[in-house]
Each structure stands twice: as C-alpha cells, then as structure tokens.
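First comes one chain, alone, set out as structure tokens in the form predicted alone.
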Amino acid sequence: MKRLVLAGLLLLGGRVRADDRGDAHAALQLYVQPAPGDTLVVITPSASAHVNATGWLAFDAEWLADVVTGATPRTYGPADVISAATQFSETRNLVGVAAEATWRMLTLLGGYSFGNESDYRSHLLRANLKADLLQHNTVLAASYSHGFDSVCNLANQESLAVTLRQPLDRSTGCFSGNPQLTEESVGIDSAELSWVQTLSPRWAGTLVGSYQHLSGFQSNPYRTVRLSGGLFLAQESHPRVRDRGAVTARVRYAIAEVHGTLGFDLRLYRDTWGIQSLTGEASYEQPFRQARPAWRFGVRARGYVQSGAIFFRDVTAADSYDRSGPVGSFFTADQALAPLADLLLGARATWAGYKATRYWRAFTDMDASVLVNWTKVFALTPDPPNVARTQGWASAILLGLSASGRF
C-alpha cells in the first residue's frame, strides 16, 4: 500500500514522450491573487494517462479540477458607493478522453471533454491532424474544436431591458429545473493552424494562426454595474457574438557550447470587441547535467499590453456608466476588458531520472518539476474593475509541482 501511495504522489506533471506502453502524469498548482479585500485562491490538481494500444492506436484520459475561493466586489461603480467584497467558493471538474491514430507521417486525434461546476457546464469535441515531414524537420498541424456550453442565469431576463436585468446571487438550484432559473447557451468554435520548422542545426521556428468564434451569453451572471447615477443597478451586458484571432511566432536557438536553449515569442491578437494586444516573451533553459539523473533550469520573462473593449468605460471618465449609462446596450464589470498591461517572471527546475529496474516497479523514466511565476498587472486607466489587484507588490503568484512517469 505504501508503494502505491508514493507512486500516486509522484505521478505529477508534464507529459514525456510515450514509449512502449505509455506514460502517466499529474500536477498540482496553487494560484493566489493577494489583493487586500479582493483575494482569490485557486488550487488545481490534475492527472492524465496516455496508453499505446497497438503500434498505430493510442488512447488518452485526463482529469482536472479547480477549487476556487476568494472575495471580490460584485458591483462596478464609484468607490464611495460600492459595498464590501462578497465571499465565494466554487469547484470545477473536467474529464476528457481521446483516441489517436498514426499512419506513416500522419497522426489523427479525436477527443471529447466534459466540464461541470455548480453554475456552468461545458461539452467539447475536438480533432487534430498532424503531419511529420522531412525527417522531423517540418511539422504541420491543424485543429478544430466546438464547445457546447451552458450558463446558469435568472429566468425571463431576455424579456427585460438590459438596464433592468438583475444578477444571479447564488448558484443554488442551477440545472435542477428550478423555474426561477434558466440555462443560457454559449457556442465556441476554435480553429488553429501551426507550422514547426527546423531552420538550421541551431535554429527552429514555429508559426501559429488561431481563430475563435463565440456566440451566446458571454456576461458574468453575478456581476453588477451601477448606471445613470444609481438609477439602475443591472447585470453586466456583453455582446452575444465575439470573433477572436491571433498570430504567434516562436524561435528557439540552441547554444551548443553550453547545451542551453534561448527562446523568443511574439503574439498579436485582435477581436471584434475592439481589444488589440501584444505579447512578447524571452526564455532560457539550461541543463546542468547531461547524464541521468539530469537537472534542467529555466527562466522566462513575459510582457503583455492590451487596449480596452470599445464599450468599456472607467468609473472616473466623463462618459462613465454611472454618469452616462450604457454604451448602446453594453456595459461591463470585467477587468479583462479594460486597458491593461502585465509583467510575468517565472522559473522552473526539472529533475529527470532513469532506472533499469523501474521506480516502484512501474516506471522506467521519471521527471519531476517545480515552478514559480510572479505576475504584476498595471492598470492603464485610473479605476478599472478589481483595481485592488493592480496594487501591491504582486498581482498573482503561481506555484506548481509536477512529475511524469513512463511505463
């Protein structure tokens, strides 16, 4: 029994390449937003397995959970009229399965996943086709997924003007046939094309294009916005259609003399809500021992900046929601739709071992990693929603522990 428990604790982390029968991994992450009066803590355990049934057919299974607790303001408006933050807790579970078939240089994958929480349910179908060409120097891939999501909301809201729609105050009774509640639908179509190319013995590059179409209810049912001097306190109202596109370029350079890898990423994004963003990242990974057991260390720095949605208004602006009312039919209390920038600094250490007699009689190879990310968000408008999260020495801290085993 002790060996089984130890094996379970060590099944944490990033997947290694499947060999013989397959591999298994899991992870545990702790995400903290330490803003006073606006805290958020997310604990995320996960586990998955990849099993080779034959030389050409393999199967995947995964499980992930988010356990969320915190306190956040429920109403967006002038600070002197906003009440204290509301405590909340939530648990989300996601399970997924997939089948993968390989024929010569082609790999086809199809999968399904289901996510469930007290006020949100999701079904996702996905397919991926990959071609490994020119002795692995060129890899082309295309993927598509469709999500069928449902959001809990108060019933009969669609018959009211947007300024009269009220927020959901709790998730009790959602998806149970309660006549006072309803299910709002959200459809999500995502497509991606990628090209990975070896450019020289030291250089490799990746180019990725992605597109996403969302239709349906995209507001947070709990958030409230103060309108027209307090004449209305209404559930936030977002457009029901959103198209999003992004292009990402990555290059990696191998520093052969020290066996290190230097990386640079650049991502451009734009959507039909008026948000444009630029993300740049630099990374470096250095192995300190080549023979197993081996150690690798990596560091990264990422910068991000975005414009605000065309219907976002800061509470201090002359045309704020509180002073002028909605922008057309829309108003938001979502910090992610405000102009903002952030800086992320991260570090990771990975240990990789090999044992001919197998670890705990199960695994030939074991990888274990620990990571830490620090994030600081900078508001580009005086008083965006959740402004407390932009104050202090850190906006978010992410700690992670992971390991993988090949069997």
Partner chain sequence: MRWAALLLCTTALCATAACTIATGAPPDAAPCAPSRDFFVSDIYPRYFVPNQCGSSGCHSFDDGHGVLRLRTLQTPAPTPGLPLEAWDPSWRETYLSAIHLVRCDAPLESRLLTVPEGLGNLHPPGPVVLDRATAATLLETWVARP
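Positions refer to the first chain, counted from 1. Note that this is a predicted model, so its numbers are computed, not measured.
A second form of this protein, the form predicted in complex with its partner chain, is not displayed here; the remarks below concern that form.
Among F175, Y253, Y304, F232, the residue placing a heavy atom within 4.5 Å of its partner chain in the predicted bound form is F232. This chain is displayed alone, yet in the predicted bound form one of A98, A71, L154, L94 has a heavy atom within 4.5 Å of its partner chain; that residue is L154. Between 135-143, 98-106, 114-122, 280-288, the stretch whose residues reach within 4.5 angstroms of its partner chain in the predicted bound form through a non-hydrogen atom is 135-143. Proximity of Q218 to its partner chain in the predicted bound form falls outside the 4.5 Å heavy atom cutoff.
Although the partner is absent from this view, T198 stays clear of its partner chain in the predicted bound form, with no non-hydrogen atom inside 4.5 angstroms.
Its partner chain in the predicted bound form is approached by R170, whose closest heavy atom lies within 4.5 angstroms of it. Its partner chain is not drawn, but in the predicted bound form it has a heavy atom within 4.5 Å of G245. If you take 146-165 and check each residue for a heavy atom within 4.5 Å of its partner chain in the predicted bound form, you get L154, L160, A161, V162, T163, L164, in sequence order.
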